[in-house]
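Next up, structure tokens for two forms of one chain, structure 1 and then structure 2.
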Structure 1
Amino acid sequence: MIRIVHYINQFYAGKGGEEMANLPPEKIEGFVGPGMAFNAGFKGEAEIVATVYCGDSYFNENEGAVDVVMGLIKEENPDIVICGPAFNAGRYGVACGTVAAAVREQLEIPSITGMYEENPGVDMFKSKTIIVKTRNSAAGMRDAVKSMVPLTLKLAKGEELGTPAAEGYFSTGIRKGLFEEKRGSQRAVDMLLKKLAGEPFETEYPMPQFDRVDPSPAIADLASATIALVTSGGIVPKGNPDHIESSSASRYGKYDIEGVDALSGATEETAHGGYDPVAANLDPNRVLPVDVLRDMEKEGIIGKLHRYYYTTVGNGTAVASAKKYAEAIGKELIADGVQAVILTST
């Protein structure tokens, strides 16, 4: 029987939502939550012997968390470790990737996780473990389990996986030799002809995408600079007048803070559904530091705090959407003569 340890967060372990995201690592015997579907999928070939869970905030804020998790996993002497799947949850993706990578490195046994392509954990860990492609929310759990189960069994048995495209996981960047029917020159000409005809074709050697932006020059004179505040932490006027969604935001907000000395729990709140809102709702300056910047403006340290702040909810929000909002925001900031931006994220 193949022994499996499952790593999940406190939510999937049934230990509460965001208000419990600070829970340190713990372990239970057997399976819980998504582990139930996995275990059923193995049809007796493998068994989840224990489940280790940890709050996502705790994991990401405490460097030692991974060591504790690894200790709990090691005691079970597993043949393979399953993490998540994390879908498009960023903190959970980082936690799953960190654990999966540590399992391979420290225990020298295979590991597997699942994520949506825009989860930052994909880029961080796809070369360090097997990350199965999933949908962007837990609604895709059934499909995720279905594609992760056969790969888990193959990995545990030491069988070779097929190509990333055939098996549905993210390329690990490892190249393997294989025989093709046509020689390289013919395949290259075929591809070129397709390209010339405007037809779709699949390259055999995708170029890495360096999606980087050169750093902008530093501001020279802080005392005369206008600084704008932008946040993905979802701070909005109380009541959320523009109805920015708590996850997968379809819009951003722009709000006037002229003459406002400090944000306050009486007038602002967070619309973000991906973190415990208690601290931010009591004092929104903890996410968007209007109070401090207003003081600095009065003291002449900065020239001016820009009249408007921009805000959206960075919780499972599509990269394409965030890009679109920021493009529009950037244009307005330029037009308004803003010299620098402080962008806060939760």
Structure 2
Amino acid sequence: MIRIVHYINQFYAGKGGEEMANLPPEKIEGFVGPGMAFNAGFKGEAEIVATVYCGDSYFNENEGAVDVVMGLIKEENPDIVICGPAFNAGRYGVACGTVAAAVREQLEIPSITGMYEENPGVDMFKSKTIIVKTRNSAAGMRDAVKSMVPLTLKLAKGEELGTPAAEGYFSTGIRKGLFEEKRGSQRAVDMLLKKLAGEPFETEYPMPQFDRVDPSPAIADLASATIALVTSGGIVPKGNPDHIESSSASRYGKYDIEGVDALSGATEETAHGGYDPVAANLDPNRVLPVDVLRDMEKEGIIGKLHRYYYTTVGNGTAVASAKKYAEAIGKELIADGVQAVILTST
């Protein structure tokens, strides 16, 4: 029987959300949370003998956390360690990557984790462990487990993995020689002909793509300009009426501040789950500076503050989703005659 230790964060261990993110490492016998799906997927070939969990903030803010986690894992003498999956949760992804890399280096046994392509843990650790491609949120848990189970068994048995494209994991940077029916020049010409004909083709060496945004020209007359506020800091009316998620936001909100000189902790709060909300809840203007913009409006420094502000949560939100929100918000702002936007974060 293949022995497995599973590393997860405090949320998936059932210990709480952001309020428990400072939980130190602990270990429990057997499996919990996503470990139940993993264990069922192994169908008797492997067993999760223990689960190690740690709060995301604690792990990332305490240098010794990884050593404690490694000690707890080592006690179980596992054949392989599964971390996560972390999807697009940045702190969780970094923690999973750190543990997975340490397992390979210190215990000299295989490890595996799963992340969304935009998780910072991918670039940090894809050369140090196997990272399976997942969706951007836990809604893709079933697919993630389905992809990770066969690779976990292969790694534990010492079997060779197929190509990243075939097996669904991020390239580790290792190149292996193989024989193709056609030499490189012929394959290149075939791809070029397909491209010219508008037919689908797949490059053998994909290049990274980076967005480039040309800066807008400076505002000619700030004193007559309409300025809007947009934030990824999650400031919403009390009670979060549009139910914007605390992480991996699937929507944004638009709220009227006409006649409001300053936000108040009595009427606004933050829905954001990626930072300590105390200061923002006490004074939401520190994330969304309505008070300062009103003062500038009264002093004639700006023409006026736009009557609506737009808000979402940046924590774990996919770039593709953020671009979609930006396009929709941008169209409305242009239609309303807004000349400039102040973007605030956390």
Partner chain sequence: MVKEIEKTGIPVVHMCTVVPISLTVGANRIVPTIAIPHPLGNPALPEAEEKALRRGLVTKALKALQTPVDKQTVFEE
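For the two forms, the rigid core is made up of the largest set of C-alpha atoms that agree within 1.5 Å on superposition. Residue numbering: sequential along structure 1, first residue numbered 1. Because the structure is predicted, anything quoted here is derived from the model rather than measured.
Choose between structure 1 and structure 2: indicate the form predicted together with its partner chain.
That would be structure 1, which is the form predicted together with its partner chain.
Residue 231: after superposing the rigid core, is there a C-alpha shift of 2 Å or more between structures 1 and 2?
Yes; that C-alpha moves by at least 2 Å between structures 1 and 2.
C-alpha of residue 159: shift of 2 angstroms or more between structures 1 and 2, rigid core aligned?
No, its C-alpha moves less than 2 Å.
State yes or no: after fitting on the rigid core, is the Cα displacement of residue 217 between structures 1 and 2 at least 2 Å?
Yes; that C-alpha moves by at least 2 Å between structures 1 and 2.
How many Å does the Cα of residue 276 travel between structures 1 and 2 when the structures are matched on their rigid core?
The alpha-carbon displacement, core-superposed, is 4.0 Å.
Cα shift between structures 1 and 2 at residue 319, which is computed once both forms share a superposed rigid core (Å)
The shift comes out to 3.3 Å.
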